[in-house]
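In the block that follows, a single chain appears as structure tokens, in the form predicted on its own.
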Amino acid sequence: MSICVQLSIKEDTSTPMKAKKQTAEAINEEQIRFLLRYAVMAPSSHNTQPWKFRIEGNKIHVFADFSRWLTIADPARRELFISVGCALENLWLAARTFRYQGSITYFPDPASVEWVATVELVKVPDLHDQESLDLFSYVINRHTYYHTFQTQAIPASVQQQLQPWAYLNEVSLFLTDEISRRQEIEELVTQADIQQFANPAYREELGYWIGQSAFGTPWLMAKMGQWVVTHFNVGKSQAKKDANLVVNAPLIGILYTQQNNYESQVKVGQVFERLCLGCTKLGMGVQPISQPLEIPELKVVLASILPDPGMYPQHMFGIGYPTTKEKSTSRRSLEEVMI
């Protein structure tokens, strides 16, 4: 079964009549920093956490941190901007939960691709956004899943619950549990792994982040992993492992867009984070499947799987019921990401 959904952006849950009774209050730097502590808990490619923030009055300027850009695996910066979008969504959910209302302006300066967004907030004591509150409560419990899922299928009724979290007009969600589709994607992952691991520069970049304990491994194991990945082509063994994860994922999701630009990718990140939090709420794990999207010719093949022609696949992931509990990975302190 395959499902495709594209939904309209959610409107403010406050009614016009109620809005007249609301009184906006100022927001100070301490309150904003409180919200940002939840933004930095977002997922990111290789756990690079490529974001920075600057506070200006009641505005939060969100930047991409290009010093943490995966230049080999992600030359087009697609994954970088998706990662920043995840942090932006956490910030927005935290704001709505704590009764802040506002707006998001994407890429305020056309001359700067690093300046991703500006969020402007005011306190509205009567604001109540139940969906944001529900999803926000899972921010600290959400973890990227790296292991094999249970064989248990995801019922259609549960799949339907995922659909509303694809809430932005520009982003569409394709879900499939068909074994033939999973096998197609498995083959793409195998090809991508073999091709990427044959590149010493790719192995060096991946090894660096493994050595930084980006994936939550203890220091000594991380350094050993860095040495192995950097000096040996483990593409075939990694391909076998990754292919097994894909074919055994009960459900595969692909987020895709009509436009292939940075703003679309940021919004894909926002939708992806909502899906991650929603899956956590439903007791499911989410496992990114990025390899085919990092190889241009394989990305074209992946696009042919989508139900809508001429679209751009931006992010792919497996969904299923976990067999084990993931540990938290380290996060940069708020001081490190403030500018």
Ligand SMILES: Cc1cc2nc3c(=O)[nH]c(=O)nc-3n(C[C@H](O)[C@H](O)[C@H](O)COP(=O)(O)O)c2cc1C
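Here the structure is a predicted model, which is why all the values come from computation and not from measurement. Sequential numbering from 1, following the sequence displayed.
Unshown form predicted together with this ligand; subsequent notes refer to it.
- Contact with this ligand in the predicted bound form, defined as any heavy atom within 4.5 Å, is confined among 246-254, 142-150, 173-181, 97-105 to 142-150.
- With the partner omitted here, the residue from 279, 39, 289, 60 that has a non-hydrogen atom within 4.5 angstroms of this ligand in the predicted bound form is 289.
- Residue 214 is the only one of 127, 214, 239, 119 with a heavy atom lying within 4.5 Å of this ligand in the predicted bound form.
- Of the heavy atoms in residue 31, none are within 4.5 Å of this ligand in the predicted bound form.
- For residue 270, no non-hydrogen atom is located within 4.5 Å of this ligand in the predicted bound form, even though that partner is not displayed.
- In the predicted bound form, this ligand stays beyond 4.5 Å of every heavy atom belonging to residue 89.
- Shown alone here, residue 46 lies within 4.5 Å of this ligand in the predicted bound form, counting heavy atoms only.
- Contacts of stretch 105-132 with this ligand in the predicted bound form, defined by any heavy atom lying within 4.5 Å, are made by none of its residues.
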